[in-house]
Ligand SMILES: Cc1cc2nc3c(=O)[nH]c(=O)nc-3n(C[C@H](O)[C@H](O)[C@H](O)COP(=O)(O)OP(=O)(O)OC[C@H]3O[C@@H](n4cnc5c(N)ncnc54)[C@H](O)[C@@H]3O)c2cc1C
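A lone chain, given as structure tokens: the form predicted on its own.
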Amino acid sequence: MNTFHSKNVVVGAGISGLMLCESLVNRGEEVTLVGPVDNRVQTICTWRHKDKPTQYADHIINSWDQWEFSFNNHVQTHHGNEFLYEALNGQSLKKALELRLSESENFTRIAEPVDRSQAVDNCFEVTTKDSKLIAANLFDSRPPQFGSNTLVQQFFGIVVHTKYLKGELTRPKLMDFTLPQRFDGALAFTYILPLTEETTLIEATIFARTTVPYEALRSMAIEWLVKSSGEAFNEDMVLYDESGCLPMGDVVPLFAGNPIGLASGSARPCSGYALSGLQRQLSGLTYENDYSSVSCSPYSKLSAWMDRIFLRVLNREPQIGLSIFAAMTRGLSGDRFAGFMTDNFTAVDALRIITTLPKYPFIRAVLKNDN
């Protein structure tokens, strides 16, 4: 077994691990990335202020200044004067990051699974099948354990030929509630993303206390496709699929060292959007002398308070989320909605949001939160 010494070791070669490695290398630090290459197809969606440039221009699949929500009795369309909703090609972003890092003399790559990581004296020890690394700093992006009261956002998406869909879909459907609810103790909806003129992502999503079999979510996505196309389903309609499970609330890191990514709370608890949270954590790393920013929640106290109340209500009765989102999307403009999602809102905006929502569940949640 070969033994290496490195100032920084990062475990996990997903978006979080790769972006942290690039931030460390850009600071002139030595870093070793451990873990298999992540070749998963991955569509990453995020909100961006139109006036702010993006570092992901080469990986944008599509962007929109309009988005909509479909309920049983109405469709609500939002217009973004200040914000864009963007879909990024996570797979190509990961490949580009791996390539850029490989060109740095401060970067070492060990593409093996980690067998064990632990704190030893004043350093960390990471072992793989063929290597042992001794590191001053260890960062781990492997999935955390969800907290006992944390809801799950679980999804399964199929990418299909747009030609199968009726009508022209020009903007994302962030939430489509037109299919019947089918899971006990869960809020289910579909998420429709017109990726290109030729391809569309149809994703079945639940907010729930526990996960369900992915096949059940796939069946839901197929049901939406059949309803929209008017044709019988066959497997040739599906180009590829993607799936995942995000925490909506507290997480518990499972490994030694500094947690990063989902394990450090980069995902916004009320929505699951994680890229902007990760960017905030890495931005803090740029300006701080230590590494604490990558393992701290990147969201404001106001945002954390709002999320706790929202999740307290949703945890008690997930299906009340339908009326919550119907009220929120009606009561907020596109920019205010996007501002809330990106943690760019004020106390006045928070009050405006609360006044749009069903009163009794939120009053009860606020009182419980204050006790």
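We number the residues from 1 along the sequence you see. Source: prediction; values computed, not measured.
Missing here is the form predicted together with the named molecule; even so, the following discussion is about that form.
S.K.: Counting only non-hydrogen atoms and a 4.5 Å threshold, tell me whether Phe69, Gly185 and Pro318 all contact the named molecule in the model of the complex.
M.R.: No: none of Phe69, Gly185 and Pro318 comes within 4.5 Å of the named molecule in the model of the complex.
S.K.: Would Pro113 count as touching the named molecule in the model of the complex under a 4.5 Å heavy atom rule?
M.R.: Contact check for Pro113: yes, within 4.5 Å of the named molecule in the model of the complex.
S.K.: Can you tell me if Gly244 lies within 4.5 angstroms of the named molecule in the model of the complex, counting non-hydrogen atoms only?
M.R.: Taking the distances in the model of the complex, the answer for Gly244 is yes, it comes within 4.5 Å of the named molecule.
S.K.: Does any heavy atom of Ser303 come within 4.5 Å of a heavy atom of the named molecule in the model of the complex?
M.R.: Looking in the model of the complex, residue contacts with the named molecule do not include Ser303, since no heavy atom lies within 4.5 Å.
S.K.: With heavy atoms only and a cut-off of 4.5 Å, decide whether Cys21 touches the named molecule in the model of the complex.
M.R.: Contact with the named molecule, no.
S.K.: The named molecule isn't shown here, but in the model of the complex which of Gly257, Gly272, Gly249, Pro194 has a heavy atom within 4.5 Å of it?
M.R.: None of the others qualify; the residue that does is Gly272.
S.K.: Identify which of Asp65, Asp38, Glu30, Asp343 has a heavy atom within 4.5 Å of the named molecule in the model of the complex; exactly one of them does.
M.R.: Of the listed residues, the single hit is Asp38.
S.K.: Within 4.5 Å, heavy atoms only, one stretch in 322-330, 308-316, 56-64, 42-50 touches the named molecule in the model of the complex. Which?
M.R.: Result of the contact check: 42-50.
S.K.: What residues in 126-150 sit within 4.5 Å of the named molecule in the model of the complex, counting heavy atoms only?
M.R.: If the 4.5 Å heavy-atom criterion is applied to the named molecule in the model of the complex, 126-150 yields Ser141, Arg142, Pro143.
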